[in-house]
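One chain comes next, on its own, written out as structure tokens in the form predicted on its own.
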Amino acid sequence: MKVPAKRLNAGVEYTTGFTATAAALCYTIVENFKVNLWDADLVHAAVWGRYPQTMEPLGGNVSSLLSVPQQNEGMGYALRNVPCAHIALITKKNAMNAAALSSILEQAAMFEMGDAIGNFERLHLLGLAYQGLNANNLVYDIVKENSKTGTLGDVAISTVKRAIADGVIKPLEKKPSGYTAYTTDDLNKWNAYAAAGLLAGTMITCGSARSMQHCPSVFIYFNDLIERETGLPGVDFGRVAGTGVEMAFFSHSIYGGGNPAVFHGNHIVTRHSKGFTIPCVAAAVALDAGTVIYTPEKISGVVGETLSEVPELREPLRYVNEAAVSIHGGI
């Protein structure tokens, strides 16, 4: 069965891909198997789940990468609705590609939300480039430098050293205690470097333990270390650290029901950082070796198996690079 492209292209919103497919599947089953009037509702329940009793088609057998619009926390949130489990499995659990795909979705959403306006446009574009797309091999270099014996503190130091070497930050004042405070002429680029370090710190910490649960701790303490080391703001001006506190509380404290794989940018716990947190969570989920009860495979098995067949989704780093080269004539 193939859904007509014209019908999907004529849709006003992204749910057309779901509704047209689900309705066509119901119709095909009823028609081909001669289902009578009294049993047709069972076919609907099997395909659509509890919809329309619930907003989402809970228990249905047709799924979509994006959640239904009613679940969005506000305008422009659609691309932030993809769980990290989806991202990890779509990219075949490659941490760099998982972070890249997640960052593309998150930062593109910033434009749809109206956040990437004026000076903030550069903030988000640099964040996408350095954290999500490994600009100048920044993430890769920091991970490689700390891959054998590095700790989160070592990653913070590596990030600061790289920022100094590249002229992103410079000494502002040396205190009587010997502490040096730093300043920058490009706050947006400093944020991008810090965000790249945050991703590297997540990979080192979660990768060494092969478990995803450490990522909220990284969000808190990497930023605490980077701020104390430089005197400059942490990633996303404190919003990542705050997200880490809330995420740790809701996933490890009184709630305890949400492992990192279920979180996404539209989640009430993790939506506060605008584009810089979820790529790290996606990378952590990709590095996990099966330490949670609800594994990514249980949560997103069908979605990952299906959408990983799309090369651009499976290997975004490669295809973004190829597109960039074609746009700039091979330069």
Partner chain sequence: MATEKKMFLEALRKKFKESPEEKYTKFYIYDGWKQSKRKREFVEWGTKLAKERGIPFYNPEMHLGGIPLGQRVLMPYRLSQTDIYCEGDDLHFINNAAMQQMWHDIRRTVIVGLDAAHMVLQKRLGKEVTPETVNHYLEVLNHALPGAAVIQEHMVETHPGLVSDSYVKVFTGDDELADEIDKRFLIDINKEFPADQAAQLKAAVGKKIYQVLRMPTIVAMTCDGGTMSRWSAMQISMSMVNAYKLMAGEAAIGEFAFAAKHAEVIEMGTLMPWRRARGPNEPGGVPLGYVADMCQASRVKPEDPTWVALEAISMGAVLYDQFWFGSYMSGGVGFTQYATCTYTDNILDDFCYYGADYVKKKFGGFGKAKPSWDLIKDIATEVSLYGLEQYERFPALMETHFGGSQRAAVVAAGAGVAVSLATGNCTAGINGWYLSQLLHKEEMGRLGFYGYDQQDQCGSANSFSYRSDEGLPFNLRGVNYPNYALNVGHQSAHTGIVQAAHSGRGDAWTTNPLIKIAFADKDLKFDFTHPRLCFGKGALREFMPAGERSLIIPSR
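Note that the structure is predicted; figures quoted are calculated from it, not measured. Positions refer to the first chain, counted from 1.
There is also a form predicted together with the partner chain; it is not shown, and the following applies to it.
Going by a heavy atom distance of 4.5 Å, is G258 a contact of the partner chain in the predicted complex? Close contact is absent here: in the predicted complex, G258 is far from the partner chain, nothing within 4.5 Å, heavy atoms only.
Quick one: is A129 in contact with the partner chain in the predicted complex, heavy atoms, 4.5 Å cut-off? Heavy-atom contact with the partner chain at 4.5 Å: absent for A129.
Contact flag, N137 vs the partner chain in the predicted complex, heavy atom cut 4.5 Å: No - in the predicted complex, heavy atoms of N137 and the partner chain never come within 4.5 Å of each other.
Counting only non-hydrogen atoms and a 4.5 angstroms cut-off, does S64 reach the partner chain in the predicted complex? Residue-level check for S64: no, no contact with the partner chain.
Okay, which stretch from 45-53, 29-37, 269-277, 300-308 lines the partner chain in the predicted complex, with non-hydrogen atoms inside 4.5 Å? Every other range fails; the passing one is 269-277.
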